[in-house]
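First, one chain by itself in structure tokens, the form predicted on its own.
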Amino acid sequence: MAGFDQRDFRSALGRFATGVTIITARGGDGRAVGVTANSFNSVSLDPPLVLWSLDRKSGSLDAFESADEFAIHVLGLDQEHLSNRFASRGADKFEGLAIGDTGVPLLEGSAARFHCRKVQRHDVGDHILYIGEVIAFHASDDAPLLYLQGRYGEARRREVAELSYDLEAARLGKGAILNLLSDAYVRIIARFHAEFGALGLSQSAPVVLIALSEGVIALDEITRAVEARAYRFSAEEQQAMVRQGLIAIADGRVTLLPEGKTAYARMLAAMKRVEDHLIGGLTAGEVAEARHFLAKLGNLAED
């Protein structure tokens, strides 16, 4: 054993932001298996090789050991619910998902997908490392889901500055109101998503629950409300909320179920925790000024 605390070591590793993947395969008995993993990485372009690793204690180890092929799904921003589902134990992870009856189970809607033939395996510490040769792949324009310090996050592309620019203008640009608001928004939303993810809620679920609590019941209206927040209330997201017992959908109408009301209450508590954290270092006067400024800014944006 190394001479340092494993918990501290894990925390240090957590500062390396990764994507989130779901690895699927069929074991020797034909059973579909899948696990959430952030150990995915590229190895080589020629030949096209990638790798990932699996904990020796995983209940899916025997299936992956016997499988000749596997698929790596790089999750998109709206697929936190799938990450949580495939990270769980015991439940039928593929319930309601179209994966086919033969071959490697392939999930729909990922940011990228790599169908691989297993070419090497290595015993490495407490994990088994698998190297696969990519035999087919697919990529979309969807933004990827990130994982950092035990929480979900999202990437924000940094714009490349022009070679010729005025330094003073650059400083003013960085301190511009819109840039500051955008940066604050990204950081705050990442905290919300982490809290909601811990509750098993997808990114669109909070918007749906809020709309239902405000009396909106038409499916098309709720879909528009979700899209207005730049999320998607896809058929898969709808089915996930139905399976969780949060909502019922019939005849173009959405009903909030008792479990959904409980989730809504927990969501409000999570939002309160985030808000308390944000304003914890501010005085009452600063909080009042911030509320006034943001409200006035919102009104000006509508003019």
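Numbers follow the displayed sequence, beginning with 1. Predicted, not measured: the structure shown is a model, and the values here were computed from it.
Note that the form predicted in complex with a small molecule isn't included here; everything after this is about it.
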item	value
Non-hydrogen atom contact Y147 with the small molecule in the predicted complex at 4.5 angstroms	yes
Any non-hydrogen atom of H127 within 4.5 angstroms of the small molecule in the predicted complex	yes
Contact flag, A136 vs the small molecule in the predicted complex, heavy atom cut 4.5 Å	no
Exercise: F196 in contact with the small molecule in the predicted complex, heavy atom 4.5 Å	no
One residue of A32, M267, L54, A67 in contact with the small molecule, assessed in the predicted complex (non-hydrogen atom, 4.5 angstroms)	L54
Residue (of H115, K93, R232, R191) lying close to the small molecule in the predicted complex, criterion heavy atoms within 4.5 Å	K93
Location of the small molecule contact in the predicted complex, chosen stretch of 274 to 282, 242 to 250, 256 to 264, 32 to 40 [non-hydrogen atom, 4.5 Å]	32 to 40
